[in-house]
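As structure tokens, one chain now follows by itself in the form predicted on its own.
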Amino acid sequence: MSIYDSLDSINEELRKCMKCGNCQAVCPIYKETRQEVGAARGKISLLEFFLSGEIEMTKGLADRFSLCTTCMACNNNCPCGVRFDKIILGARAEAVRKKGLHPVKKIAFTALKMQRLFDLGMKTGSIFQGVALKNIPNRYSKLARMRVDIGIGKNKVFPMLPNKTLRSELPEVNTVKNPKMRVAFFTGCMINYFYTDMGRAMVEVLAENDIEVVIPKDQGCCGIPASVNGDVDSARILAKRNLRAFDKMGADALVVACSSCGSAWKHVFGDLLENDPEFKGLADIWAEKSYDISEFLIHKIPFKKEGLGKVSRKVTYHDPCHLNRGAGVNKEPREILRSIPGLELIEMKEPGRCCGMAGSFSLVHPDLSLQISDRKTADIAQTNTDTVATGCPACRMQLQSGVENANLDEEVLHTIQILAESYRAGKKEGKSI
């Protein structure tokens, strides 16, 4: 039985916990709050009390289950192998079944299911964003802060919405001469609506490696925002939509540049659709064909190195939680960066520590998210670099906000953007010879 359907499915995980407290040592929530409920052990105890009938599912209890970034650091540090990410997702789904979904989240997830309406809303937002957002002078990208604090943090920095979404800007089929293979690109929401520069870099790098790229127009949100907040019905609808959209494109593989989206295709779709024979089989097929872009470039192609040009950057790399601990992809981005001529990779002290973004967590708990982010920013500052690379657009937003507020002169980019820059530099160098 799926973790999203019944708490019975996580009983085994609950029984594994021996209450040692090792989770406290790595939990970003506990490190900031120093409260037992912040760590996995505390939430497991609350869930056990609930299952025994000693307490009821109240709003307060549901709020305590929201105090988790699902960074999975506790999983890695647990001597008993407890999968706390499964426990917390099951608990949140149960909270929604018992208490219903918060009205704001219900509106948001309903909008995600209405793709055309959501696209129209984002397009309208790009036209009138100046009403709500105030530009920040920045030499790297167009950034802004909210003019009025609406409860998500008055200093939170956002990228300005581009005039066109990525999926409206690029053709559905991006052809190359003599393609080695055909790859489907799942853009996700952040890249499609906010970071179109990352999407263009993806297509550019794949084209340099003789890969034909298809970008299905019918794709939409991966559903992770819904699934991590317990809205299982919405998450299933979104999963099925994406599986249908990609299955008809006839691609050899699927690539993502977002760690959360990658988690959806590799793990979440299969769990959500466990009891649906038709879509479960489809989810399993695509799980096997899904790759993070760095994983794809290292293990599937591998990528061309002879055309790389010099990129004079001092770079530190932040490991996204879902990419690092969720997918086990951490060496691959570094291998790509180290292959670029002129680039110096300088590791921060804790590259795998959660940045505090965690999607909606940063909106629901903005102050706590900022505290976690400040630790990451301080770690970045000690590297004396000029660039922060990462493998997740949500992390990019959080890191950019952190370095901007700390007055650090750091450009925050996805690894794929730096690789694209190197290919462009290689072409210039070739012309000058």
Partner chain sequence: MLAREVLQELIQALGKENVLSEQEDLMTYAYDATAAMKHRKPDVVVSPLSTEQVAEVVKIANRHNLPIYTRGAGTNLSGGTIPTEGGIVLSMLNLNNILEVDQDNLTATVQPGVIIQALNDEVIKHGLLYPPDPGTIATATMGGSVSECSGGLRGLKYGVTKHYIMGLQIVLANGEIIRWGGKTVKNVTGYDLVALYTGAEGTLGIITEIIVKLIPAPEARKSILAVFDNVDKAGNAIAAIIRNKVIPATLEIMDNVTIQTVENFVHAGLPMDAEAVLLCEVDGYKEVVEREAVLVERILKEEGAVEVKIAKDDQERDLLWLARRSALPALAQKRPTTVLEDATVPRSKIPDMLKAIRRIATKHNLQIATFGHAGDGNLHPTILTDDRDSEEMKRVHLAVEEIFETAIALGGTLSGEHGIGIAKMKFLDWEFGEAGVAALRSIKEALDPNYLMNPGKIVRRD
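No experiment lies behind these values; they were computed from the predicted model shown. Positions refer to the first chain, counted from 1.
Another form, the form predicted together with the partner chain, is not on view; read the next lines as being about it.
K.L.:
Would you say all of F279, K280 and K289 touch the partner chain in the model of the complex, counting a heavy atom within 4.5 Å as a touch?
P.N.:
No, because F279, K280 and K289 lack any heavy atom that approaches the partner chain to within 4.5 Å in the model of the complex.
K.L.:
Within 4.5 Å of the partner chain in the model of the complex, counting heavy atoms only, one of 364-372, 398-406, 47-55, 385-393 shows up; tell me which.
P.N.:
Looking at the other structure, the answer is 47-55.
K.L.:
Consider V37 of the chain shown here, and say whether it contacts the partner chain in the model of the complex, taking contact as heavy atoms within 4.5 Å.
P.N.:
Yes, V37 sits close enough to the partner chain in the model of the complex that at least one of its heavy atoms falls within 4.5 Å.
K.L.:
Is P79 part of the interface with the partner chain in the model of the complex - any heavy atom within 4.5 Å?
P.N.:
The answer is yes: P79 has a heavy atom within 4.5 Å of the partner chain.
K.L.:
Hey, in the model of the complex, is K19 touching the partner chain, heavy atoms inside 4.5 Å?
P.N.:
Output for K19 is yes: heavy atoms within 4.5 Å of the partner chain.
K.L.:
Taking the partner chain as it sits in the model of the complex, is K376 near enough to touch it, meaning that at least one heavy atom pair lies within 4.5 angstroms?
P.N.:
Contact with the partner chain, no.
K.L.:
What residues of 295-324, in sequence order, lie within 4.5 Å of the partner chain in the model of the complex by heavy atom?
P.N.:
Heavy-atom contacts within 4.5 Å come from no residue here.
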